[in-house]
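Here's a solo chain for you in C-alpha cells, the form predicted on its own.
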C-alpha cells in the first residue's frame, strides 16, 4: 500500500469517475486503474462498485476512504513541518473566500501578496461558509476568509477587520430624508436580500430580528448578487444593506443613496480561518499581515457592534 494509491482512491471517490480522477492526478487512466486494482488485491476487498454509474464506494470502501483521507493529510504535513522549520514561505496554498467578500477584498490584496511572496502558489475558490467549513475539515482547504464568529470547535479564527453595514436607500424611499439611520428604522418586509446560503443575508436578518419578535421567511425579493440588489433597489423595489467595502465601488452618481448607521454601527467580523491542526502558519501569517495592512487604510470605523453570521 502506498500514499500514491491512497491519493488515487480519494480522487476517484471525489469525482466518481476513473477518467476524471486520472486527469486530476495527472496520470493516465490505465495507470490509475492498475494502482487501484493493486490496492484492492492487497487488501482483498472491493473499494469501488464499478457497475454503478457514477461509480460508488462499497460499504468497506467508505471506511477505507475516510481513513485514507486522514493518512494523506498527515503525510502532506511532513513537508509543512519542514517548510515551517526553515521559515520557507512558498508552495501551494488553497484559500476559500465567501462571495460577499471575494469581489472587493481580493483585488485589494492579491497583487501585493503575489509580489511579496512569489513562491506561494495561491489556489483561490469562491465558496459559501458551509462549503468552506466542510473543505477545511476534509483537508481540501488550507484556510479561508469568512464572516465570523462561527462557533466551530475545530476551527481557529483570526480577525482581519470589522466591516460596517451601510444602507442603500433609493429615491422616494421612506428613509430617504434621514442622514443617518438606526437599526430600529429597518423593516425586513421592505428589504431586498441575498439568496439563502449567504452569511451576509443571515447577518441582515439577525439585525432586523433584534427589533422584531418574529419575521416571516416569505420575503419580497431575493437575489444572488449585491450588484443585482442595487439595480433592483434603483427600480424602486426596496432598500438593501451593503458591506462597507462594496460602497467604495458604487458609482459616484449613486453615492447619495448611501446612508451610514448611527454609532455603534452594525458590522460583520471578517477573519482568516483555518483548522486547529493547520501547519502552514507562515503563509497564514503572511496573508494576515498583507490583508490587515491593506484594509486598515480603507476602513477607519472603530465603534461597531458585531452582528453574527449564524442563524438565530
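The term rigid core refers to the maximal set of C-alpha atoms that superpose within 1.5 Å between the two forms. Positions refer to the first chain, counted from 1. Just so we're clear, the structure is a prediction, and the values are computed from it rather than from any experiment.
Heads up, the form predicted in complex with a further copy of the same chain isn't pictured, but that's what we're talking about next.
Residue heavy atoms within 4.5 Å of a further copy of the same chain in the model of the complex occur in exactly one stretch of 110-118, 71-79, 144-152, 157-165, and that stretch is 71-79. Comment: a further copy of the same chain is not present in this chain, but in the model of the complex one of 86, 123, 231, 178 has a heavy atom within 4.5 Å of it, namely 86. 63 is the sole member of 63, 38, 262, 50 with a non-hydrogen atom lying within 4.5 angstroms of a further copy of the same chain in the model of the complex. In the model of the complex, at least one heavy atom of residue 44 sits within 4.5 Å of a heavy atom of a further copy of the same chain.
Among residues of the shown chain, residue 34 is not one whose heavy atoms approach a further copy of the same chain to within 4.5 Å in the model of the complex. Of the heavy atoms in residue 67, some are within 4.5 Å of a further copy of the same chain in the model of the complex. Proximity of residue 311 to a further copy of the same chain in the model of the complex: non-hydrogen atoms within 4.5 Å are absent; the residue sits far from the partner.
With the core held fixed, residue 291 shows a CA shift below 2 Å between this form and the one not shown. A displacement of less than 2 angstroms separates the C-alpha positions of residue 230 between this form and the one not shown, with the rigid core held in common.
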